[in-house]
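First, one chain by itself: the form predicted on its own, in structure tokens.
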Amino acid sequence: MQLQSLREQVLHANLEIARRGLAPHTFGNASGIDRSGSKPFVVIKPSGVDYAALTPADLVITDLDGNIVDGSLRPSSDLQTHTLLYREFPQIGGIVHTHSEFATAWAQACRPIPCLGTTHADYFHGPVPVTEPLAAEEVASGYVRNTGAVIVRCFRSGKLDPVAIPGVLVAGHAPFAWGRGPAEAVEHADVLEYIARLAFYSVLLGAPETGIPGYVSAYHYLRKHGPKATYGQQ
């Protein structure tokens, strides 16, 4: 992948965060990774820059250790979370972090989002997990890096597939979502907010948090993402 193309994709993903109302003010960020060469490069939003003012040239390019390769602005303060996730989840090619209202509410409540219906099951093969809170020493020794570490621990301990579960709630913080590229990552962030809102209202109306039967959830996920998927066009 050419870096200029990736810059455009990451710019579009960041603009979509704002357009879809997934993050107020300058909250949130999107990134993408180019793994095609011998050395991967990450393109990410600069810290604190208004979405409306962003240009491709404003985006910052780093290596997987977070060293700046190109760009005159400081990268997102969440850079080390992104780079750690790219290192640990090699299947993903784009990451979006938002502070969308309903998904953030579930994160602040430290509650996973149960799979209450087929809309959820179409995109997430199970509940949206929530991490453990960061320990005091993790905050002191490297808050941003350890935010990524606590996400990875959540997936490893739960034996979760980051492709089948393309997002997570960081306890007391907000959601992260990812995909094969920046465009899919922002789509998953948008879907995550939608199912968080549906789940909030469903629970208020008395829906049992056990969710829909597993066989229904599996059917809906696999018809869209399984080896014999029937959803959409070939």
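None of these values were measured; they are calculated from a predicted model. Position 1 is the first residue in the sequence shown; the rest follow in order.
One more form of this protein should be noted, the form predicted together with another copy of the chain, which is absent from this view; the next part is about it.
S.K.: Let me test this: is every residue among V49, G117 and V191 within 4.5 Å of another copy of the chain in the predicted complex, going by heavy atom positions?
M.R.: Yes, the whole candidate spot contacts another copy of the chain.
S.K.: Based on heavy atom distances of at most 4.5 Å to another copy of the chain in the predicted complex, which listed stretch, 124-132, 95-103, 81-89, 150-158, is the contact stretch?
M.R.: So the stretch in question is 95-103.
S.K.: Can you tell me whether R197 touches another copy of the chain? I mean in the predicted complex, with a 4.5 angstroms heavy atom cut-off.
M.R.: R197: yes, in contact with another copy of the chain in the predicted complex.
S.K.: Wondering, does A164 line up within 4.5 Å of another copy of the chain in the predicted complex on heavy atoms?
M.R.: No, A164 stays farther than 4.5 Å from another copy of the chain in the predicted complex.
S.K.: Does at least one non-hydrogen atom of A53 fall within 4.5 angstroms of another copy of the chain in the predicted complex?
M.R.: So A53 does not count as contacting another copy of the chain.
S.K.: Spell out, yes or no, whether the shortest heavy atom distance between L15 and another copy of the chain in the predicted complex is within 4.5 Å.
M.R.: Heavy-atom contact with another copy of the chain at 4.5 Å: absent for L15.
S.K.: Can you list, in sequence order, the residues from 170-191 that come within 4.5 Å of another copy of the chain in the predicted complex, counting heavy atoms only?
M.R.: G172, H173, E187, D190, V191 sit within 4.5 Å of the partner.
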